[in-house]
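First, one chain by itself in structure tokens, the form predicted alone.
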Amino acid sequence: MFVSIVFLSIIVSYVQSQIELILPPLPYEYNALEPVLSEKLMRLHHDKHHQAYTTKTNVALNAMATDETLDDQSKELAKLPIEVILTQIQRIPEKYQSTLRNNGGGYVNHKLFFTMLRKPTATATENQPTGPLLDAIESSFGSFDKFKEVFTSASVNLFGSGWVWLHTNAQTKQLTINSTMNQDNPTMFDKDRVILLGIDVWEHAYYPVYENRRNEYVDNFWRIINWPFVESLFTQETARHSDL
């Protein structure tokens, strides 16, 4: 079973297998996504929110690893990569489950999300996927425009705080769009799901720029998707998982 979840380390550039998680730096300057996302917003989102998820996850993992009321096997779970812990949340002692699900999920989701972004193009039309990923999108949704319509509608209409995802089944490579609440993600519920793209629709992700106009944020999101990175997740990581 442990071998079957190794693919989770490929979702991001690396996975920490120690208790102390580190806040990864942004892969670009804070102002790189302007005018779609402002420098002020990015500093708030990364330095405050992502840091808070990182800190709270570390506190929970360290408390769990040193909790004298737990048996050794339970303590050892705290030393697993957080990506692995999130796929086995029911094995975690109940008093740590909620904290690790919410904050560990926030850590993993944001680590992936920030890597999915790039300097904006002038228009959304200029920023589209190519190659096998585009073929898979067209096969699953009929056309890229239809995929964009479904993803946009899901993102605009999601009630409350959460995420909208494009993910693929690592075995079938069938693409699916779904939403999750709070800091959940599709891989938590099925380790065969490989996340390709996600949009954060928590208000902290867009409110400093767009206020209550989530639709404008979602429309502009198409200008900043790092499609080469998304394509690499589809063509490399899913293939590697299929070989496990």
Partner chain sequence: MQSIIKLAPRTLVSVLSRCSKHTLPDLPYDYNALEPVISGDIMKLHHQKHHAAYVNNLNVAEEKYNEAKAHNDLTTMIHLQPAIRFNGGGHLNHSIFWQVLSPKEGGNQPTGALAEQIKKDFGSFDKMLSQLSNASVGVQGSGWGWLGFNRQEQRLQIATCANQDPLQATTGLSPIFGIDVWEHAYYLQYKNVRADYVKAIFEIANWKKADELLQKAKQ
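Positions refer to the first chain, counted from 1. These figures come from a predicted structure and were not determined experimentally.
There is another form of the same protein, the form predicted together with its partner chain; it is not shown, and what comes next is about it.
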Option touching its partner chain, based on a heavy atom within 4.5 Å in the model of the complex, out of Ala63, Ala32, Leu44, Ile177: Leu44
Considering its partner chain in the model of the complex, which of Ser140, Gln88, Ser153, Asn102 comes within 4.5 Å of it through any heavy atom? Asn102
Within 4.5 angstroms, counting heavy atoms, which one of the listed stretches 66-74, 197-205, 184-192, 24-32 is next to its partner chain in the model of the complex? 197-205
Does Asn169 make contact with its partner chain in the model of the complex, using a 4.5 Å heavy atom cut-off? no
Is Thr121 a contact residue for its partner chain in the model of the complex, using a 4.5 Å heavy atom cut-off? no
Gln97, heavy atom within 4.5 angstroms of its partner chain in the model of the complex: no
Against its partner chain in the model of the complex, would Ser161 count as a contact residue? Criterion: heavy atoms within 4.5 Å. yes
Contact check for Lys148, Arg223 and Ser232 against its partner chain in the model of the complex, heavy atom at 4.5 Å: no
Which residues, if any, of 46-68 lie within 4.5 Å of its partner chain in the model of the complex when only heavy atoms count? Lys48, His49
